[in-house]
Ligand code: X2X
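Below you'll find only one chain, the form predicted alone, shown as structure tokens.
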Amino acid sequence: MQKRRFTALIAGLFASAALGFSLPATAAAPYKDEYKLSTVLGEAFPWGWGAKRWADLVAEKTEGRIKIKVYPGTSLVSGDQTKEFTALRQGIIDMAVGSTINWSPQVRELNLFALPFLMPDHKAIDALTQGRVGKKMFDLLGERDVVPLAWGENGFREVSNSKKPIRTPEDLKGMKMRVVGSPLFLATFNALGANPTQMSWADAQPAMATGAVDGQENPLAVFNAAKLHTVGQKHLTLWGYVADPLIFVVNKNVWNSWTAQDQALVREAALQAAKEEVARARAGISAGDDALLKEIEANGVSVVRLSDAERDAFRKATSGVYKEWADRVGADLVKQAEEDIAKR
């Protein structure tokens, strides 16, 4: 009896399709009981907070039809941040709030944001992510099995160490620095005479605590939430050499399994969560609101604020890296970015 009913149901569906009737949304691929969302950092950081906020907003807006679980520490790829985008494309990961740095090995154009000293301020980041460049990046990602929805932000990456204040490129010479898994970061720190070592964030803090590395570079929100002052990072220099935009994305097959209504709701939730996450990432680090900086200094950290001339010395020291990697990223795209930043 059950077999006959199933056969009749299938026949009915094919007949409806043949007659031109649209099938109900429930006939599409079934929704998963739970969707896996990957991030590098947990809720204590703006990045992880933004991912959880997105998940909560999606559950609220879809009235529970789409349930998302956040997996911090890139635990779905055993902590290897550089494998996250590949796993997302393959469907091992359903959704992600990912870093342009971590995904740049698979999408070379994303290296744009890591060109040393391209973006001088937050308005420059916004000019790129919210303008022509941001749209181009989303188009490129859309060709790689994912659906990008919104731009978040990890922030400008500042440099710290356990040895001494950094004011000139010479101060970095020979210093063992932890960097993310990107060849561009290796090239930048090599140009400054440092000794860069690539390692995951999970390995970085123990390495600093034991003195295996002298320093690191990360946004101030990460520095503070991770309590890096407790692992010897007593010298912090504000040089803003690169920024790290984040991208809210969904695997394309997962996206296509949802109704148009739910797609719109997930996008709406991503845009809202991203806007709130950016505000959180920028809080307390500006001239008008330096509460986070004061908190860092209160923990015994010496903060160096570079003059324009001092910062320019670092820019000149890495100009060769900028030129080489601008060619790899794409001369037209870099020119467009430079023009949009100049117009900000």
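On a predicted model such as this, the values are computed, not experimentally measured, just so you know. In case it trips you up, residue 1 is the first one in the sequence shown, and so on.
Separately, the form predicted together with this ligand exists; it is not shown, and the next lines address it.
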#### Entry: Selected contact from 41, 70, 66, 281, since only one has a non-hydrogen atom within 4.5 angstroms of this ligand in the model of the complex
41
### Task
Sort through 201, 117, 255, 138 and report the residue having a heavy atom within 4.5 Å of this ligand in the model of the complex.
201
### Query
in the model of the complex, which of the stretches 97 to 105, 186 to 194, 125 to 133, 228 to 236 has residues with heavy atoms within 4.5 Å of this ligand?
97 to 105
### Query
Would residue 244 count as a contact of this ligand in the model of the complex, using a 4.5 angstroms cut-off between non-hydrogen atoms?
yes
### Query
Taking 4.5 angstroms as the cut-off for heavy atoms, does residue 218 touch this ligand in the model of the complex?
yes
### Task
Using the partner position in the model of the complex, report whether residue 111 sits within 4.5 Å of this ligand, counting heavy atoms only.
no
### Query
Looking at the partner-bound form in the model of the complex, is residue 182 within 4.5 Å of this ligand by any heavy atom?
no
### Task
Report yes if all three of 47, 81 and 178 come within 4.5 Å of this ligand in the model of the complex by some heavy atom, otherwise no.
yes
#### Entry: Interface residues of 305 to 342 toward this ligand, as seen in the model of the complex [heavy atoms, 4.5 Å]
none
